[in-house]
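The form predicted on its own is given below as one chain in C-alpha cells.
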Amino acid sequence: MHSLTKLPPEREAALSGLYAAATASARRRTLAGLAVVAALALLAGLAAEVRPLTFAENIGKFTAYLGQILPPVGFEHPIADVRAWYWGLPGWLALLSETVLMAYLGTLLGGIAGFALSFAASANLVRSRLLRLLTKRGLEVCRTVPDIVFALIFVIAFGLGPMVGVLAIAIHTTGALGKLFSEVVENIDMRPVEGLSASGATWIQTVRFAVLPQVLSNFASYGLLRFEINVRGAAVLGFVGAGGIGQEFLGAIRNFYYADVSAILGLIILTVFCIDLATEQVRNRLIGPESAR
C-alpha cells in the first residue's frame, strides 16, 4: 500500500483556511436564503390576513364539530349502531360508484387529449415556436381555471348531472397532464430521435418508435396519479350539481345530519385509500423495470 504524502504545514494551513472560508460563505448564503423565505412568508401572511391568534382561539370549534360527527357506535350494541350509522349504504355506494366513474372517464378523456397535445408543446420535437406557444397557452388555460368553475359553467349550459363533472374533470386533466407529459418528452434521450430523423422517418414515425418507448411508463404513472386526484375532485364537484356522492354529502352538511356526514366522509376516505393502494402497485410495476436499468 502506498502511504499518503503529508502536506507541508504552511500548505495545509492555507488549504484549511480556504475550506473554512468556503464553508462559512455557503453557510451565510443558506442563512440569508432562509431569512428571505421567512420574511416573504411573514409578508404573505400579513397580506392574506392570516391571524394565528384567531386560529388558536377558535380551534375548539373545529374539534367540537369533529366530535359531533363522530360515528354513534357504542360498546353495548356495536353491530346495530353500525347498521344505523350506515342506514343509506346502498344508495351511497351507488352515488360513490358514479363519482368514481366520473373521475375515470374524465381522466381518460383528459389523458388522451393531454397525450396528443404534449408532443406539440415539446421544444425538442416541434420547431414551430408559434405552435408550441399556442399549445402551451391552451394547456395553461385548461389547468388554471378551477374544475369547479368549469362545472358551474357546464351546469348553466347543460343542466345538472354527471356529464358536467366529466367535462370539467376532462378539461382540467388535459391541462395538467399535457404539461407533465411535455416535460417528460423534453427530457428524453434525443439520440434515437436523431437516428430515425436521419434515416428519413416521418415525424409521427419518430414519435412512435423513438419517443413513446421512453415515456410510456412515466405517462401511465402520471395518469394513475391524476385519476386518484380526480376521484377527490369529483366528490367536490357534486357540490355544484355535477352528480355523484358530493350532492348527498353537501345535503347532509346543510341539514346538520352529523352521522350521515361522518358516514359519507368515511366512505370517500376509504375509497381514496383503496385507489391509492391499487394505483401505487401499478405504478411500481411500471416504473420498477425502468428504474432498474
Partner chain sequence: MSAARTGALRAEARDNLARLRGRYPAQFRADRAARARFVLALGAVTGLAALACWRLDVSATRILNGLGRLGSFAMLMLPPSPEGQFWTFLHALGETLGIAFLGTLAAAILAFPVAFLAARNVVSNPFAHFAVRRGLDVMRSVDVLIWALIWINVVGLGPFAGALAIACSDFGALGKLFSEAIETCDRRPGEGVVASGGSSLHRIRFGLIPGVLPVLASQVLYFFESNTRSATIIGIVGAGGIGQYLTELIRVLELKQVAFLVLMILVTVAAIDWVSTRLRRTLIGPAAR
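These numbers were taken from a predicted model, which means no experiment stands behind them. Heads up, when I say rigid core I mean the largest set of C-alphas that superpose within 1.5 Å between the two forms. Numbering follows the first chain given and starts at 1.
This protein has a second form, the form predicted in complex with its partner chain, left out of what is shown; the following refers to that one.
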Even though its partner chain is not shown here, does it sit in the predicted complex so that Ala157, Val236 and Val240 each have a heavy atom within 4.5 Å?
-> yes
Candidate stretches 121 to 129, 79 to 87, 185 to 193, 147 to 155 - the one whose heavy atoms come within 4.5 Å of its partner chain in the predicted complex = 147 to 155
Looking in the predicted complex, any heavy atom of Gln214 within 4.5 Å of its partner chain?
-> no
Even though its partner chain is not shown here, does Leu133 get within 4.5 Å of it in the predicted complex, heavy atoms only?
-> no
Although its partner chain is absent from this view, report whether Ala32 comes within 4.5 Å of it in the predicted complex, heavy atoms only.
-> no
Taking heavy atoms and a 4.5 Å cut-off, does Leu250 contact its partner chain in the predicted complex?
-> yes
Is any part of 95 to 116 within 4.5 angstroms of its partner chain in the predicted complex by a non-hydrogen atom, and which residues would that be?
-> Ser97, Glu98, Leu101, Met102, Tyr104, Leu105, Leu108
Under a superposition restricted to the rigid core, does Gly45 display a Cα displacement of 2 angstroms or more between the shown form and the other one?
-> yes
Note yes or no: does the Cα of Arg254 move by 2 Å or more between the shown form and the other one after the core is superposed?
-> no
Using a rigid core alignment, state whether the CA of Tyr19 is displaced by 2 Å or more between the shown form and the other one.
-> yes
